[in-house]
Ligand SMILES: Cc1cc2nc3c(=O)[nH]c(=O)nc-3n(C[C@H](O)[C@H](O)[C@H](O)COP(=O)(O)OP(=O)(O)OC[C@H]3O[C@@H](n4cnc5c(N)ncnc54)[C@H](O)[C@@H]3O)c2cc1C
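Shown next as structure tokens: one chain only, the form predicted alone.
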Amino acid sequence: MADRRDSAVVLGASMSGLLAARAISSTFRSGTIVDRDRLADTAELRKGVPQAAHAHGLLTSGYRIMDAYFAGLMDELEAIGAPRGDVGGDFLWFQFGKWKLRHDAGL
């Protein structure tokens, strides 16, 4: 690509920061991710991520994007203990004062 820019800086190595770096990787020749925390080799809570201890779920479109950006990532996450599940069919959701019906979300 002839019009690639020289470099980019992404602030934060959270999931969104890492995905942003991947998204712009075809536009820039090099990139730097800056984070205030030291990144460990193993899963651990980080001071700069106050929501790290909360339960998290990945919606279908996010799963598909991450799987396309990083081939094999979902298998790697499962191998280190992340459970797979369908956020529409395997969980109960309470929203606007009512329980939502379970359904197959395709994930």
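Predicted model only: the values in this text are computed from it and were never measured. Residue positions are given as counts along the sequence shown, with the first one as 1.
Another form, the form predicted in complex with the ligand, is not on view; read the next lines as being about it.
For the ligand in the predicted complex, the listed stretch (24-32, 78-86, 45-53, 63-71) containing residues with heavy atoms inside 4.5 Å is 45-53. Contact check for residue 92: every heavy atom lies farther than 4.5 Å from the ligand in the predicted complex. Proximity of residue 15 to the ligand in the predicted complex: non-hydrogen atoms within 4.5 Å are present.
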